[in-house]
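Form predicted on its own, single chain, as structure tokens, below.
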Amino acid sequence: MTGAFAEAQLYTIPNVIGLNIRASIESGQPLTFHANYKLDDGTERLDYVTQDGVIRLQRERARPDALLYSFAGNYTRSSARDEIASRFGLSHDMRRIYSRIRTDRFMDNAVSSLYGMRVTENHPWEATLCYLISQFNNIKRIRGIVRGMISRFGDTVEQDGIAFKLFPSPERISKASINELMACGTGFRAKYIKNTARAFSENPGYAGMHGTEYGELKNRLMDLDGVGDKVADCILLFGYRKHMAFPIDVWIKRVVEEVYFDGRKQKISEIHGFADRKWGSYAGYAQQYLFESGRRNRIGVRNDKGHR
């Protein structure tokens, strides 16, 4: 997709301060699994797909406070700008967030090294599909599966003679056979993916539950096939803007135990309680910095490789 940058009309979002694009998309968030990022002679380029079209971003070294963008599919200049602003949390009060999560030396170092990393805001279905695939998986393999599903099941749009595959809709996935889903590498997750896609397809209200209280929404999500505690919290954090959600996978459990409990094992419920007391309504932001800092510094590494 990046080949279309040079030909497309670029528009500008000015005054974008403190956004670390690369850290935001390479830290186990939904865009990690299908976005394309490139750094070329100081110019950052990023493209990603949604169910509505394709978004392309560019930021030049000479203008670090400006995002340049273009788009294809069912976007206008205004709606594409709104998508970018929402996706990268450009309205997030990062000063307040950092003041709440920089509670100790580890978190202070994590924020300093990853400064500007945002918790991205993704469509609930996109987050749901990505994290169903993530179960007992690593980032490299998740990326391959998600990209394969986009290629196989995504609608095609064209612009200036270039074809793009969009993020597949729940309707399209629900109509796929188990064998078709497994051909993308989903394995045992195929049944969960098909059943949950059907639930989203038959109940469009799932995509609009952002205003539902965290605990109630978590219970609703855990009624979906294949969605447990960790996957539900990932969907809540990255799909519904519930920044108090604290997803706990194998990796983050080890990081918390090593950093805050001298390596002593803790129950999932105890870690949830600890995170809520320590970081409150921004526990999810703290989790993202813990996760990525732990991954980069290989805290808690054993035989697995960056599970999400």
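Nothing here was measured: the structure is a model prediction, and the numbers come from that model. A residue's number is simply how far along the shown sequence it sits, counting from 1.
Below, we turn to the form predicted in complex with the DNA, even though it does not appear here.
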All of R59, I97 and V111 with a heavy atom within 4.5 Å of the DNA in the predicted bound form: no
Is F136 close enough to touch the DNA in the predicted bound form, meaning at least one heavy atom pair within 4.5 Å? yes
Please check if G187 has a heavy atom lying within 4.5 Å of any heavy atom of the DNA in the predicted bound form. yes
Is F238 one of the residues lying within 4.5 Å of the DNA in the predicted bound form, judged by heavy atom distances? yes
Would you please decide whether V250 lies within 4.5 angstroms of the DNA in the predicted bound form, comparing each non-hydrogen atom pair? yes
Can you pick out, from G73, G89, G154, G226, the residue that has a heavy atom within 4.5 Å of the DNA in the predicted bound form? G226
Find the only residue in F106, Y206, F164, Y192 having a heavy atom within 4.5 Å of the DNA in the predicted bound form. Y192
Pick from 258-266, 51-59, 274-282, 26-34: which stretch has a heavy atom within 4.5 Å of the DNA in the predicted bound form? 26-34
Where, within 161-182, is there a heavy atom within 4.5 Å of the DNA in the predicted bound form? Residue list please. M182
